[in-house]
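Only one chain is included here, represented as structure tokens and corresponding to the form predicted alone.
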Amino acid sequence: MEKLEIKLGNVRILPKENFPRFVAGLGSFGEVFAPLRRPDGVRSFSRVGKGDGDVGAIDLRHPRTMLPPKKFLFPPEMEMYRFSADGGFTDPPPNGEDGPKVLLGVHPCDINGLLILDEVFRRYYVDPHYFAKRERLVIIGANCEPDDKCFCKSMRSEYVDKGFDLFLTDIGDAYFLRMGTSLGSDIVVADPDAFRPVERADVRVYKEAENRRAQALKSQVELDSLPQILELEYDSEVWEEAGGRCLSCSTCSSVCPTCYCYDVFDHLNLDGASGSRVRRWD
């Protein structure tokens, strides 16, 4: 379904008592994934089951998830196509993981990361694998509770006005809901009784919540003249210090919301005449 941008003035209020009903309704638009609380305290985008336990474990205010949502569009490993001497090139068979998905609780910084990936994968050549998944992905954003490690304000990624179908802002006993696309509007229209109109008092509370969040973003990274500074400090001892701590584990690339480096290699079957081409995060 084509997603048409709509005016952000299209807003509703979702009472928190209706949140489980809202999540259940999302199942009509795809398989639902959300940041779930794990026993070890880590948050990760996981499949939301139909039970009340999974809905109760959804944490929309978490600072960050273990892996960014890019894994749903740009998986760590993907079979691109298969080949054989007789049949030429063919698409891999469906694996059951390519159906429509709903990502609930994507933060502004991660939505901005996805917008950057959109540009990367269509800048010179359109990546059909990426955009096939993108067209089947519903994005429902949510504001976070920043901690002392959040530096999204320095990267100008603490707010979004596009890149989502719906966006939820916690205003106490309800969510202030913005509709960003026609698909987001369809989700609301599918169960209109779960929402109520926005009142003037809601707008005041929404502004207060946004202001508190803005003031909580205290971590700052100075970016002015950074390329020139790096070049001038090429021989700085800081590189030896940082390099001494690096284990070359590639975790930084895995958790980065915009890293798109990958390697391509071929798997040749034992018959020597067929195989598959695979790409993997590098």
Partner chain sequence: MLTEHDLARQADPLRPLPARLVASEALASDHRLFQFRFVDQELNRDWSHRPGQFVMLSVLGTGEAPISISSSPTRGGVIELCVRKAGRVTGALYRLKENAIVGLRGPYGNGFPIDQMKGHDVVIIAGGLGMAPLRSLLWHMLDNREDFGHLALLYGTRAPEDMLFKQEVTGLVERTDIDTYLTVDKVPEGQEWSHDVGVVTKLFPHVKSRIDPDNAYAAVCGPPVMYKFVLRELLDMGFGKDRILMSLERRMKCGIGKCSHCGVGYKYTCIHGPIFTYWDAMNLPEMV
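Because the structure is a prediction, the values reported are computed rather than measured. Numbering follows the first chain given and starts at 1.
There is another form of the same protein, the form predicted together with its partner chain; it is not shown, and what comes next is about it.
- Using a 4.5 angstroms threshold between heavy atoms, Arg156 stays clear of its partner chain in the predicted complex.
- Remark: Ala132 does not count among the residues lining its partner chain in the predicted complex, judged by a heavy atom distance of 4.5 Å or less.
- Mapping the unseen interface onto this chain, Tyr206 falls outside it, with no heavy atom inside 4.5 Å of its partner chain in the predicted complex.
- Taking the partner from the other structure, its partner chain in the predicted complex has no heavy atom within 4.5 Å of any heavy atom of Phe176.
- The single contact residue among Arg122, Arg196, Lys71, Arg136, judged by any heavy atom lying within 4.5 Å of its partner chain in the predicted complex, is Arg122.
- Residue Pro128 is the only one of Pro128, Gly172, Pro94, Pro192 with a heavy atom lying within 4.5 Å of its partner chain in the predicted complex.
- Three-residue candidate spot Val42, Asp54 and Glu233; no residue lies within 4.5 angstroms of its partner chain in the predicted complex by any non-hydrogen atom.
- Contact with its partner chain, judged by heavy atoms within 4.5 Å in the predicted complex, is confined among 178 to 186, 85 to 93, 196 to 204, 146 to 154 to 85 to 93.
- Contacts between 246 to 282 and its partner chain, taken as any heavy atom within 4.5 Å in the predicted complex, involve Tyr260, Cys261, Tyr262, Asp263, Val264, Asp266, Leu268, Gly272, Ala273, Arg277, Arg279, Asp282.
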